[in-house]
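What follows is one chain in structure tokens, specifically the form predicted alone.
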């Protein structure tokens, strides 16, 4: 398991809303494989493939010995379908879908493949490629414009979780990148390239003087 430890000054922790006495562990997971993933399509509300369902079952087995009272998802089927097997193996667990964790809205490009965007809307494809963080899809959003709602979603999840030791978020690639950026302190232009695999999860620990995040497999 990859591990990175960072020591940061106390004043930075004050402004970081993710460091609280009530949250010791955050498990950040991307949904399992979907039919849209196979076609390299973005957005939409695709269901999990058989492989995606197996990934969800593997997650459930991995976490069944841990107490997960709350699983926060987006309102998209793929995150809820990933969370359901985990909930089913927990003695007392609730899935709470939050629209703040919905994937980036790709506007007029919704449900298109990247190759279709490149050939049918080259101006969109290359403009986004030049500045992926600040680019906003026509009639949609971008990383920069979704930041506020993702921040709001995390604050909401922390509030609803009370003093729970473990919190789990099953999200999407762009959303999980935004969440991780709080811990990694990446330059904004680097955020769209943070590694978010479908066969591993991030375990984040926040204490008063240290931040630790681990990326490890669950199979």
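Numbering follows the first chain given and starts at 1. Quantities reported herein were computed from a predicted structural model and do not represent experimental measurements.
Not pictured, yet referred to below: the form predicted together with glyceraldehyde-3-phosphate (G3H).
Among 150, 59, 174, 167, the residue placing a heavy atom within 4.5 Å of glyceraldehyde-3-phosphate (G3H) in the model of the complex is 174. glyceraldehyde-3-phosphate (G3H) is not drawn, but in the model of the complex it has a heavy atom within 4.5 Å of residue 42.
With a 4.5 Å cutoff on heavy atoms, residue 132 counts as touching glyceraldehyde-3-phosphate (G3H) in the model of the complex. Within 4.5 Å of some heavy atom of glyceraldehyde-3-phosphate (G3H) in the model of the complex lies at least one heavy atom of residue 103. Contact annotation: residue 52 falls outside 4.5 Å of glyceraldehyde-3-phosphate (G3H) in the model of the complex, judged by heavy atom distances. Heavy atoms of no residue among 27, 200 and 216 are located within 4.5 Å of glyceraldehyde-3-phosphate (G3H) in the model of the complex. Remark: of stretches 67-75, 80-88, 119-127, 103-111, the one touching glyceraldehyde-3-phosphate (G3H) in the model of the complex is 103-111 (heavy atom within 4.5 Å). Applying a 4.5 Å heavy atom cutoff to glyceraldehyde-3-phosphate (G3H) in the model of the complex picks out no residue from 67-89.
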